[in-house]
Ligand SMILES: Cc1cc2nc3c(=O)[nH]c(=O)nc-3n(C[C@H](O)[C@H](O)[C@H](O)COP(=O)(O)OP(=O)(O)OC[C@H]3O[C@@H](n4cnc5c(N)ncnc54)[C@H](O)[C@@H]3O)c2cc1C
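The chain that follows stands alone, in the form predicted alone, written as structure tokens.
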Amino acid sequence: MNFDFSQEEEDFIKEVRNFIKEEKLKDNAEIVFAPNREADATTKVDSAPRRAFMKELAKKGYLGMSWPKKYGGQEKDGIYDYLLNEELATVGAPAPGKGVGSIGQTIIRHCSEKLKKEFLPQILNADIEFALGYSEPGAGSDLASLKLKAEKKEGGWLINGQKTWTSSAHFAEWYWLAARTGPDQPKHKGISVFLVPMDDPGIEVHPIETMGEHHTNGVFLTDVFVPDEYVVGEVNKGWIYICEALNYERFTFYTIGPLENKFENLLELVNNLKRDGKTLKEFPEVKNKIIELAIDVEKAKVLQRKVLSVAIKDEVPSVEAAIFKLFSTQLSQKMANTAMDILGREGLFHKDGKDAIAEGKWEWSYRGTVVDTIGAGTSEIQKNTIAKKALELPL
């Protein structure tokens, strides 16, 4: 594996960093850029600043870089999408997200010309945002068990049921919704995907605040009618589209910058904070813990580069991605736990408290990293993937 970027890629990184430097001079920079944010940057930034930042990304031509030119893209290698997201994640900025990645690419591959003309230009111009309607109260990691019902009617489908953990539902315009259309078929073969406007009167959005202060939602759908023309691809082939859509995120989801930032913050803390007249780094037990974390961060970086090395070859890095996701999220949790152990009772102060060390970052991180091990596939699901696909162990 060659982990070095080409000269063109290095030039692009410099270009993005210059763009970020200019954006940080704007009045809303403190809202848009927040590297200490412990939850999804896209959903924690207020709507107007986030939208404005997405518009700037669109003006720079950073949206849909790997799309075909026929649909407004530049046909660049997917590595450029990753490099953009890595730089944005490192400074805590909102990333282009699912509209450009999983949803846009799936529309290009499988949707009608009508849907392509309606949605693709809006995505590239940052005029639209989507929510993913996958998880349900009884169908999270086992997504194929979803029960949201879509019943065939003249000219369309009538949808009833509930979704949960829909993180963008409170600001998105459209719902990328998976529903059961073939109740008598095997569970993987009776699913379809629909495009549904979020302002439909039959949709109710109820906020859910996680322990990490991440805003997600429960969504209830009552007699929501969706015309046939807003079915994605073919009826009952939704499972294929869902799996493809998730694979499109391989270049962008697995960034390492935020983890490296977190370690640097902890290192700065132990280099400067004193106990009994000595800095924390002078205590052998603290020094040993920091050394162990430094080694783990380097391991995580190698695992992340393995994901890229497979994805760049147009292969699906399912095992590599599972290993990195499992290791990196547990490492982030380990780092928060270590920081709390080092800080003792003073580390328990909430970020809103006036005496909070490091503005309460580590207490917040302690809560937020629990959510990280659940989102985008729980640690248990990642272990199942590794066991089945890499080790050929029975599940």
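Please read these numbers as outputs of a predicted model, since none were measured by experiment. Quick note: we count residues from 1 along the sequence shown, nothing fancier.
Another form, the form predicted together with this ligand, is not on view; read the next lines as being about it.
Just give me the single entry in 171, 263, 134, 230 that has a non-hydrogen atom within 4.5 angstroms of this ligand in the predicted bound form. Going through each option in turn, the one that passes is 134.
This ligand isn't shown here, but in the predicted bound form which of 236, 255, 106, 210 has a heavy atom within 4.5 Å of it? Filtering the options by heavy-atom distance leaves 210.
Would you please decide whether residue 380 lies within 4.5 angstroms of this ligand in the predicted bound form, comparing each non-hydrogen atom pair? Answer yes; at least one heavy atom of residue 380 falls within 4.5 Å of this ligand in the predicted bound form.
Any of the heavy atoms of residue 71 lying within 4.5 Å of this ligand in the predicted bound form? No, residue 71 stays farther than 4.5 Å from this ligand in the predicted bound form.
According to a 4.5 angstroms non-hydrogen atom cut-off, is residue 387 in contact with this ligand in the predicted bound form? So residue 387 does not count as contacting this ligand.
Give a yes/no on whether residue 214 approaches this ligand to within 4.5 Å in the predicted bound form, heavy atoms considered. Yes, residue 214 sits close enough to this ligand in the predicted bound form that at least one of its heavy atoms falls within 4.5 Å.
Can you tell me which of 184-192, 126-134, 268-276, 312-320 lies within 4.5 Å of this ligand in the predicted bound form, counting heavy atoms only? Flagged stretch: 126-134.
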